[in-house]
Structures are given as C-alpha cells and as structure tokens.
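Only one chain comes next, encoded as structure tokens, the form predicted on its own.
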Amino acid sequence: MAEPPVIIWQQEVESVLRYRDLVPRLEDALGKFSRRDRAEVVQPVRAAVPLQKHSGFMGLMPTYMENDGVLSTKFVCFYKREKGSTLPAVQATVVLLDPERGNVKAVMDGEVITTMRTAAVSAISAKLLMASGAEVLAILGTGTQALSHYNIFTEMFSFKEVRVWSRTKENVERFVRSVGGGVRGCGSAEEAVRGADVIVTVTGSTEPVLHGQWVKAGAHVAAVGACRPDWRELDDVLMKSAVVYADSREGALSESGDVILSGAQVFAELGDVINGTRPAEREKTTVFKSLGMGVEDAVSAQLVFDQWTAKQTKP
C-alpha cells in the first residue's frame, strides 16, 4: 500500500529552494525538452480552462520525465484583476506522483516554485543572450515576479544600475523600499528602458507597455507577462525587429499574444541554444518570450521534494 502523500507548505518550499540549485536543473530540463525525445520529456501544451465569471483561467501542466522517473502536474489559476483588487493574480499547486504506481507522493504550494523557476529561466535567457558587459537592468512591473527577477538577476549578474517602473508611483516606491534601495524608480516605462541593456517585463498588461522605438539595439528583453493569445506586453516594432526565442515553440505559437498578433517568427528555443543546435544572437536585439512549462515545474518540484526529504531525515 502506498504511503500517504506529504504536504509541503509555502514556508517549507521557501526554506529549501535556492537559485544556485535550481538554475542548473532548469538548464538541463530546457535542453532535454528541446531534444524532443519522449524518453526525456513528455509535455503537452498547457490546457487552459476559462473561468469567465472571475476573469481568469485554470491552466493544467502535466509532465512525465521517463529517464528521470519524474511525473507531475501543476494546477495554476491566473486572473486579470481590477486595479486595487486585493485578490491574488496567480495561485498554483504542484502535485508529484509515483510514475510506476500512479499515487500522489507530494502536494506542494506552487507559488514559490512558479515564481522562482520563472525568474530563473529568465535569468538563463539573459545568461545565454544578453550582450557582454551589460550594465543597466530595467524592470517593468513591481509585483511578486518583479521581485523574484530582481533577486536572481542581481544575484547572477553585476549590473551598475537597476531601474523599475510601474503604473503607479506608490507601487514603485513600495518596490524600492522592499529591496532596500539601490534601485532607481522611474516615472515612465520609456524612462526606465531607454539605454537599458536588459529589460524584464513582468506586468499584468493586456496591451503593449514596451515599444521597440525605446529599446536600444543589442538589448535583451525577457517578456514574462501576457500569457494568453490576446494579451500583449511588447509592440509589433520590437517583436518584428528582434530575434525571438521561447521556452517552447508550440507554447508560444498557441498562447503568446506577443508572438501571435505580431506575426513574429520564433527563431529558437532556449533549449536549442543550450544544446548547441541554434546560435545565441548576442550582438542583436533579442526577445525571450516566457510562457512557463510543466517540465520546469517538474524538476523544481522534484528538487523541493528531495531537499525537503533530506531535511526531515537529518538527525
């Protein structure tokens, strides 16, 4: 008889998950995904169930990694909230299963996993694609994802200046306080991104907030928001002038309004660059369109489970 599943709460996930452990796991997973070997990764495109009454969607993200013995799925609900709403924009739960028996091994809070793995993959995109000697980072957005991106980008890279912008001055001031200063708050998105070497967009916008005419040649953009076919963060000028990368080509072509509505071509997946089958066009303006993948949640959840189990067995 199978053991009952363990429940790993948010605070416990936070206590064991570290970027230094997560980044190499995700790089390996991205490479495996892009090889399209079903013994490595089986992952359908995310299924989205509309929650029309609540202006949201529930996404289902199953993944099986046969060689690694990992089977998981994530349930994630994401919403377009009205300004001033106190309700969360994203809620997630990850379930880890035994692939042989089919029983649930662990149920864990997915907020920290989602936040950290998303930021880590954006940082991997910058590691692969940003120009050498990048000095200025701009972040559009001031929510949870903005903070996680700030944390890993400043941990992995040495920027001389970090700028942040949000639609309200209060949110910018709150963000600057939350990171202990050292960030320049900007009054407009244009002010934040002019001359920036790396730009991260983590907004809830459904219309473009980043315009290509503001972006300097050779900049790298990690676009994280706008995860529906009719939502956008980037305008046509930027999408059509940049070399576009994605985590999943299929995901981008079915879910990304930035890609679909602009008609931009996806040049490569990050895993293609990791595998050496497509080049990193560092000298050109690049866009990484992040949609998030089940395999990212799978390896993150397995890491959490391994670290949590080890912690429980320590004398």
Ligand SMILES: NC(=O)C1=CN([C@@H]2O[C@H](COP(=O)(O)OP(=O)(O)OC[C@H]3O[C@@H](n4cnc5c(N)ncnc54)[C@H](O)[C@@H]3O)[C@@H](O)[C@H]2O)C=CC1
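Residue numbers run from 1 along the displayed sequence. What you see is a predicted model; the values in this text were computed from it and never measured.
Same protein, other form: the form predicted in complex with this ligand, not shown, and the subject of what follows.
Of the stretches 123-131, 234-242, 163-171, 214-222, only 163-171 has residues with a heavy atom within 4.5 Å of this ligand in the predicted complex. For the candidate spot formed by 63, 248 and 271, no residue has a non-hydrogen atom within 4.5 angstroms of this ligand in the predicted complex. Checking 183, 90, 104, 152 against this ligand in the predicted complex, a heavy atom within 4.5 Å turns up for just one residue: 90. Remark: residue 227 counts among the residues lining this ligand in the predicted complex, judged by a heavy atom distance of 4.5 Å or less. Taking the partner from elsewhere, residue 299 is found to have every heavy atom lying beyond 4.5 Å of this ligand in the predicted complex.
Mapping the unseen interface onto this chain, residue 73 falls outside it, with no heavy atom inside 4.5 Å of this ligand in the predicted complex. Remark: residue 193 does not count among the residues lining this ligand in the predicted complex, judged by a heavy atom distance of 4.5 Å or less. Looking at 95-134, the residues that come within 4.5 Å of this ligand in the predicted complex, counting any heavy atom, are 114, 117, 118.
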